[in-house]
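Next up is one chain by itself, shown in C-alpha cells, the form predicted on its own.
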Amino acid sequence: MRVGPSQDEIRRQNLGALLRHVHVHGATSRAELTTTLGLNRSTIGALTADLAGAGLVSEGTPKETGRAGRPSLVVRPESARVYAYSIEVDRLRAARVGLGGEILDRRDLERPRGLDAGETAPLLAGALKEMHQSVPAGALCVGAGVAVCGMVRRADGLVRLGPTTGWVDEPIGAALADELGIDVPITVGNVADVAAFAEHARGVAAGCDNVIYLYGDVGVGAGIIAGGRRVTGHGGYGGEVGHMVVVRDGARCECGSRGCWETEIGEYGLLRAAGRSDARGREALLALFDAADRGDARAQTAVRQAGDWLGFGVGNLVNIFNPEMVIFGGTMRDLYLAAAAQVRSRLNQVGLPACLEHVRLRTPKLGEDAALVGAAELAFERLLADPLDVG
C-alpha cells in the first residue's frame, strides 16, 4: 500500500509552487496566490513567511488599487539578492539573471575560431568573475546554466557533437567548474531545449502546454514541450529534428548521413542553393534573404525551396506531436519570415486537418535572449523544486 506524502513533503511542494509562481509571474498579491494555488489565506501567509525568512521573496503593500478596504500584501521575488549565472557558449555570452527572470548584468565576447572547451571555459569564466565583482554582499547564487548548440549528455553536460563549434565529446560543464572554482551546480543543455523552456515559462508560449521551438544556426534542432514538460529523451539527445532524413541518398550532412532535413533548410544548404557556398555565418544568410527581397532570382529560388522544405518538416512534426504552437528561432526565424507563404502552403498540404486546427506559428518573444533566459531557468530549477534546501 502506497504511503501518502508527509506534511513536510507537502509543505515543500507548496513552497516550491508559490516561489515558482512569483518567479514566473512577478509580484503577486496574497489574495491572488490564495486563488491560484488553491490554498487558504493562513497557509499562504505561513509559506510566504518561510520564503521571506530565507531571503527569497519580500512582501509589501501594493500601489494604489482604487479599492476600498485593507489591500492584500504583495509578494515579490528578491531579484537583486537571488540570482543564477547564464552562459551561451556558441555566441560567448554570459549574464547574471535574478530570480524572476530579470537580466541584471551581461557580457558579450568576441569568439575566436577553433576553440575547444578547455580554451572556451577561461573566457566565459572570466566574464562571470568580472560580473561577480558587482554582486551585492550577501547575495545568493543558486547555480549556473549553460546553453550549447549540439547534442548534450544530460548526466554530466558532455557535448557529444557541436556543429557550430566543431566539438566532439567536449566536457564544457566540467571545464567551467574547474575555471570558476565556486561551489555551485552547473547544468548544461541544448540551446533549442533551453530556449523552448524560456518561451514556455515567460515568452510567447506562456500558457501553452504543447510547443515546438525550432532553432537554426549551422544545424537545426528543436526544443519540445509536451504536456507542459520538456521532452529531452533518455540521454538528453531528444529534439535532433534536423537529422530527420527527408531525401534518400541526398546531400551529405555534417553528421555523416545523407539527406538530413538540415541539408535543405540549414545554413550550408541555403547558401549552396543560392550559389554562395563560400559564405558562412548568419550575416551571410541575412545577405541572402536581403538579395531575395531585392529581386535576385537565384536567391529567391533558394529561399522558396528552403521555405517549402521548412513547411514539409514542420508538417511532419505537427502530425507527430500535435503542438499548440511552433516557434521559429535563430536562423529559422529569418527563413520563416522570408518564406512564410511557402511554409504555410506546404504545412497545410502535409499536416493532418485535426492537427492543424489549433496550431499557431510564431517567432520568439524573448528574441536573442531566449537561450540566456532559458539557461538561467535550468539553474533555478533546483531552487524552485525545494526552496529551503538551497543556500
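Residue numbers run from 1 along the displayed sequence. Owing to the predicted nature of the structure, the values given are computational and were not obtained by experimental measurement.
Omitted here: the form predicted in complex with another copy of the chain. The next part is about that form.
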* Asked: Of these, 243, 93, 202, 276, which has a heavy atom no more than 4.5 Å from another copy of the chain in the model of the complex?
  -> 243
* Which of 210, 187, 300, 165 has a heavy atom within 4.5 Å of another copy of the chain in the model of the complex? -> 210
* To do: Identify whether another copy of the chain in the model of the complex is within 4.5 Å of every residue in the set 103, 122 and 128, based on non-hydrogen atoms.
  => no
* Of 74-82, 309-317, 172-180, 106-114, which is the one stretch near another copy of the chain in the model of the complex, taking non-hydrogen atoms within 4.5 angstroms as near? -> 309-317
* Asked: For residue 151, is any heavy atom within 4.5 Å of another copy of the chain in the model of the complex, or not?
  -> yes
* Does another copy of the chain come within 4.5 Å of any heavy atom of residue 236 in the model of the complex? -> yes
* another copy of the chain contact at residue 268 in the model of the complex, heavy atom, 4.5 Å -> no
* How about residue 52: is it within 4.5 Å of another copy of the chain in the model of the complex, going by heavy atoms? -> no
* To do: Scan 9-35 and note down the residues that get a heavy atom within 4.5 Å of another copy of the chain in the model of the complex; none is a fine answer too.
  => 10, 13, 14, 17, 20, 21, 25
